[in-house]
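Next up: just one chain, as structure tokens, the form predicted alone.
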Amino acid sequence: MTNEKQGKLICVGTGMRMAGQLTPIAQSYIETSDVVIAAVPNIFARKWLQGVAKEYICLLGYYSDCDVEGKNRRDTYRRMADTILAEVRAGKTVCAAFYGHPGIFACISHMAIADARAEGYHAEMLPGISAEDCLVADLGIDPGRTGMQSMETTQFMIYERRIDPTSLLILWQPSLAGELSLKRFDTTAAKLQVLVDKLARDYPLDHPVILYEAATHPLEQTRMDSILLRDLPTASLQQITTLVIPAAYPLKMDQAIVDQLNAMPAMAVVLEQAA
């Protein structure tokens, strides 16, 4: 193997609250890799990473690209992934650290891993505790009870998606609802009203929904505000806000399928006897 193929990329998650949510294997890679490259917004997490890493590169400054007229977020994410790949190509073991889970709403890690593997480098992703994991714990929701649907808010708005109102629905990044330019990190009340109007096809306007924000350090309070769906356009939304829509209706039995399944054991016995 040539020298330029000795680089390695490991993408890890630091969890939402790094204290107690960082897995032992992720911590090991952070401490032992040649360089840690991170996009972690929490200042306490950044300070810890800087203190334990052999070398530390912060990617957060790249977001200033979005302030440049005509630039969109994809250009910024591409530049971040290229920064990670440059260190891998230099033959280093690179640990790329992202808050939460490194593969959930983190296209930079997916870009970097795909590029590294395409060039013949070892690249892998390790799981981390995501906002969804914290949401399930904080709200006391069991996704297995009625099922769970999960998607990005603008994707839900602009595509024809079939929503089941008898199941839990999680819409991520409602603070970017309807933002199609990829040049802004906010939305408007008018665009949120478009979201409400689409949701109203399946949910009553007086249906309670939850605005959720996971706490990112021990002194921060978890946000779990219940509002009516109709009031969403005037609600306060942050970039980390998640819209949680509980089931609006009870599950309805598909009796034809139940009857078909109940008939199967007798059929199985007949087949077994014939054999």
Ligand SMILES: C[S@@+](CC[C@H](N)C(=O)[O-])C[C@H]1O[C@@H](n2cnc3c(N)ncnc32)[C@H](O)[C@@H]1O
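The numbering used is simple: start at 1 and walk along the sequence shown. Everything numeric in this text was worked out from a predicted model, so none of it was measured.
If you look for the form predicted in complex with the ligand, you will not find it shown, but the lines that follow are about it.
Asker: Where, among 185-193, 78-86, 126-134, 142-150, do residues come within 4.5 Å of the ligand in the model of the complex by heavy atom distance?
Answerer: One stretch meets the cut-off, namely 126-134.
Asker: Give a yes or no for residue 10: in the model of the complex, does one of its heavy atoms lie within 4.5 Å of a heavy atom belonging to the ligand?
Answerer: Answer no; every heavy atom of residue 10 is more than 4.5 Å from the ligand in the model of the complex.
Asker: Find out whether any non-hydrogen atom of residue 167 is located within 4.5 angstroms of the ligand in the model of the complex, and reply yes or no.
Answerer: Residue 167 lies outside the contact set for the ligand.
Asker: My question is simply whether residue 172 lines the interface with the ligand in the model of the complex - judged by any non-hydrogen atom within 4.5 Å.
Answerer: Residue 172 belongs to the contact set for the ligand.
Asker: Examine residue 50 and determine whether its closest non-hydrogen atom to the ligand in the model of the complex is within 4.5 angstroms.
Answerer: Answer no; every heavy atom of residue 50 is more than 4.5 Å from the ligand in the model of the complex.
Asker: Considering the ligand in the model of the complex, which of 214, 209, 38, 26 comes within 4.5 Å of it through any heavy atom?
Answerer: Of the listed residues, the single hit is 214.
Asker: For 225-246: residues with a non-hydrogen atom within 4.5 angstroms of the ligand in the model of the complex?
Answerer: Result: 239, 240, 241, 242.
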